[in-house]
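Listed next as structure tokens is one chain, alone, in the form predicted on its own.
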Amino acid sequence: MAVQTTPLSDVMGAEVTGIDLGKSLDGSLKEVINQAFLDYKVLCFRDQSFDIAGFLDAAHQFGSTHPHVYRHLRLDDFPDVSVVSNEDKDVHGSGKKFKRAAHFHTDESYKAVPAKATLLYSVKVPDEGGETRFVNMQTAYETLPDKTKQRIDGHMAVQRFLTSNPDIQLATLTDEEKAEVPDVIHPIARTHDETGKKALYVNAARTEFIVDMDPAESKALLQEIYDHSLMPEFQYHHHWRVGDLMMWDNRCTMHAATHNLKPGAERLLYRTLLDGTKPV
């Protein structure tokens, strides 16, 4: 079967079929996939079948991987792989289950050198619910009013893992984990290191304030950006199937989990992160 790429929406995302990522990809096929990745920002490779080692091998065909900051979610034998589940608990805090990643965010925007991409592989998915919602932050930037672009271009914002936003639910960090995520400063509009195109790089889950701006003005401008970014016309909602391997570009997207599972439904996915470059 030939490799086929089919758009998943008019906004972003493409389904890739006819390819087994458990097998080694030749250079020309990698180039085709990378171009599709740059064009669509979110790729869904259907009908994959891996064990954990196979999932990690598949990821390594696209770059080097690294572990998530939460140590309790890492797999002992494969620390670069972490678990995403509707059973996730605040292990070092309340001990209770919580709605992880329900907020729109960009993976590792709180790091000095964030992940280029995230790969998520579905092992168990519910018949209904549990979608992952994506936002095209390149289109969100391009459709901003010119006056707003002028206000943000060249400006930086503080990104913080331990957000002051009371609406964000996070698992409690250990002291060792806290030491790994000091505040960082990134551009409000990030220039993609492969395409040269700009995308908004702020989110309500991690962005604290705009550097060198009056606090009230900073708050109002960030809220304007958030309201604009989350308009439905910039979003794609992915309905998972077992065997989906999703790979998305953290340089120009946001995403959020949807916690709308019915009682007794299960959701289990494996996750890894590809090394990236410092935002500019």
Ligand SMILES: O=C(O)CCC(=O)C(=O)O
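In this text, all values refer to a predicted model and were calculated from it rather than measured experimentally. Residues carry their position along the shown sequence, with the first being 1.
Unshown form predicted together with the named molecule; subsequent notes refer to it.
This chain is drawn without the named molecule; in the predicted complex, the residue among T139, T118, S122, T163 with a heavy atom within 4.5 Å of it is T118. From the list 58-66, 42-50, 216-224, 247-255, the contact stretch for the named molecule in the predicted complex under a 4.5 Å heavy atom rule is 247-255. In the predicted complex, no heavy atom of I210 sits within 4.5 Å of the named molecule. Proximity of V84 to the named molecule in the predicted complex falls within the 4.5 Å heavy atom cutoff. Remark: L73 does not count among the residues lining the named molecule in the predicted complex, judged by a heavy atom distance of 4.5 Å or less. Interface residue remark: K111 is not counted as part of the site for the named molecule in the predicted complex, having no heavy atom within 4.5 Å.
Taking the named molecule as positioned in the predicted complex, the residues of 124-151 that bring a heavy atom within 4.5 Å of it are, in sequence order, E131, T132.
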